[in-house]
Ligand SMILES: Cc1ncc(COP(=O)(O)O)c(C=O)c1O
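Taking the form predicted alone, here's one chain by itself in structure tokens.
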């Protein structure tokens, strides 16, 4: 994939879907959803913005091998495998768990990614300097990208997200938070008079601190907050009530959601965990991840 095509994807103008939403108490809540999920079938949502800068950085250094981490239904691993194939990189995925035959990983393998299963105890070392040094020694030709693409290169990739958005129409943005990288990049890029709300999709009392460390000088002066009680028990944790609500929502609004990220954002809005916007609607950022729904169809 040529750099120009990558930039075309990152600078594309995804549509905004408007829905007349109501909370659980019946309160009207008009919403606008920025459909980043429609950017590309395999590089949808926030993945283009997070991966493009990392691939360009690797290319500048003359590195042709990319290595990263993820679970057996990881959107990041899925997108990295495809991007690597298109851009001519060798890719390696360090996978949490022993099942390397999920639909997500079958795609990754088909796109040329080498998969290495590891147990949960070993996987927890993925941020440790000693473990990373050992991994770098094992793969000396690789650029090691953190889980979820959470690094400074990824943060800067969101600079042009609002290029085609009529920003004066919205109060601010709401998006899901896994590592906090996407929220930080969006805060840095959003207009100075906007507000931002991040919905942590895992148990993350540390989320605000994590987002803060990625903010640039402009981002540090903007208004934002995180909601940390809408994760439903942890990362990728769901219950029957939530899944039933999700199915009803998709049927009513014809808007596909993933259960792990954007689904939890809309559910938190429905539960009134998020302040209602005054006068202008929130712009909800659909961060993609729809391929991961296959993990809930087993």
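The structure presented is a predicted model; accordingly, all values stated were derived computationally and were not measured. Positions refer to the first chain, counted from 1.
Same protein, other form: the form predicted together with this ligand, not shown, and the subject of what follows.
Distance criterion of 4.5 Å from any heavy atom to this ligand in the predicted complex singles out 178 from the list 178, 84, 198, 157. With a 4.5 Å cutoff on heavy atoms, residue 50 counts as touching this ligand in the predicted complex. Proximity of residue 75 to this ligand in the predicted complex falls within the 4.5 Å heavy atom cutoff. Contact annotation: residue 148 falls within 4.5 Å of this ligand in the predicted complex, judged by heavy atom distances.
Contact with this ligand in the predicted complex, defined as any heavy atom within 4.5 Å, is confined among 63 to 71, 27 to 35, 242 to 250, 40 to 48 to 40 to 48. Residues are counted as partner-facing when one of their heavy atoms sits within 4.5 Å of this ligand in the predicted complex; in 249 to 270 only 261 qualifies.
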